[in-house]
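Presented as structure tokens, the chain that follows is alone, the form predicted alone.
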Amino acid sequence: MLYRRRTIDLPHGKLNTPVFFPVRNIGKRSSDNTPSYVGSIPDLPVAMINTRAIRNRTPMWDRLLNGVTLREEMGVPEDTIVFADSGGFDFSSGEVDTTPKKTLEAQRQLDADIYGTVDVPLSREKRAAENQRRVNQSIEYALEASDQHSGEALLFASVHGYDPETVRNCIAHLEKFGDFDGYALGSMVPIRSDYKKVTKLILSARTATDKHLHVYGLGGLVYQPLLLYLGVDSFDSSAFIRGAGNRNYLIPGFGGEELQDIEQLERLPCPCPVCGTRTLDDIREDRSALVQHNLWALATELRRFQYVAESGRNIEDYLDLRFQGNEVTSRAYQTAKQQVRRLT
């Protein structure tokens, strides 16, 4: 098992890992539709933001330049730990409209604790030569950011690869020619249903470096245990928002359940502070409450894994039970287990 716990010092406080970063939509056209959770869910004093979206939202950016802090703009305490990615997912099908220097300047203005380098994610529709160009471009952007980074926050190099060897080679090259505090593995979302491929790519990154490893875009209930088992230190997701938009109710230990499939229940199966005193009808009519519950579900999934690990119980026995109800994820876990056992 590669699961591990660490504490890292950041400008706005200490961060205990592994940790889940909820994605905030601040700066996006839909505005910031994430309800309050910092403080009410003690496991999540953190947020993932999109630097490009905020930088391109002129009224908001003007307020930030004129003295309003990002955390004031989000309505969260000033000690909230912020990971600012470059917004690279927006470049999946469009042209890159920023530079490493411009993105670093914006991340400094946002007073983020962790900077993600500018990157160009892979696309399943693109040919191999085009994806290799994107891999190389992301490496060049990362090295340029490394040259210009002054160390006021952690710098994570964004890494992409279409096979394990590419991922390992990217990290080895960046480690040799750059100066990074960690690595953030991307291009996982388009292939997230291919569990075997995703777990192999993550494992190749994990074994290529002992530094902090973040995975972009994967943090749902099903993936969390796999990421933790593979030694991932942090991850992010907006699934709790998107799921609520589809009236999907997350249940720790199981997965998502559409509310219409459990409408016969008066009381919900989760005793979290959101659901504990409310009926199913209450939650159905309150989208913000459903989003908050989904965040509690993700925090609970992480707590459950940590409990199993810290109490000395066998993690693999736990995961055998956790995935037994899903043939696809069970096969992916069994493959990952075989690979991990050869490493430990």
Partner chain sequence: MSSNFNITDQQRDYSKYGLSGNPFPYSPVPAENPEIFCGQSHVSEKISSTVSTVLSTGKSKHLVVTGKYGNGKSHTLKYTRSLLRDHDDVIVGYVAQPGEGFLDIYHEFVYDLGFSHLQNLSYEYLASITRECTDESPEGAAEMRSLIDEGDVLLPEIIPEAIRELSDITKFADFARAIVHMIYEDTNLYAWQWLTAEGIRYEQRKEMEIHSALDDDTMGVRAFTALKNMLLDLGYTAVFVFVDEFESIARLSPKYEQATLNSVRHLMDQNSSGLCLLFGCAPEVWQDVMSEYHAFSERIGQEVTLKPLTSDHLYNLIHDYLALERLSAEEETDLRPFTEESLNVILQRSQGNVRQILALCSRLLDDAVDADYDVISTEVVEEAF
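Just so it is clear, the structure is predicted and the values come from calculations on it, not from any experiment. Residue numbers count along the first chain shown, from 1.
One more form of this protein, predicted together with the partner chain, exists but is not displayed; see below.
By the criterion of a heavy atom within 4.5 Å, L259 is excluded from the residues contacting the partner chain in the predicted bound form. The partner chain in the predicted bound form is not approached by F254, whose heavy atoms all lie more than 4.5 angstroms from it. With a 4.5 Å cutoff on heavy atoms, N246 does not count as touching the partner chain in the predicted bound form; it lies far away. When contacts are judged by a 4.5 Å heavy atom cut-off, E165 counts as touching the partner chain in the predicted bound form.
The listed set L265, A172, V189, V96 contains one residue whose heavy atoms approach the partner chain in the predicted bound form to within 4.5 Å, identified as A172.
For the three residues A128, Q132 and K200, a heavy atom within 4.5 Å of the partner chain turns up in the predicted bound form in every case. Per the 4.5 Å heavy atom criterion, the partner chain in the predicted bound form is contacted by stretch 173 to 181, the sole one of 98 to 106, 75 to 83, 219 to 227, 173 to 181.
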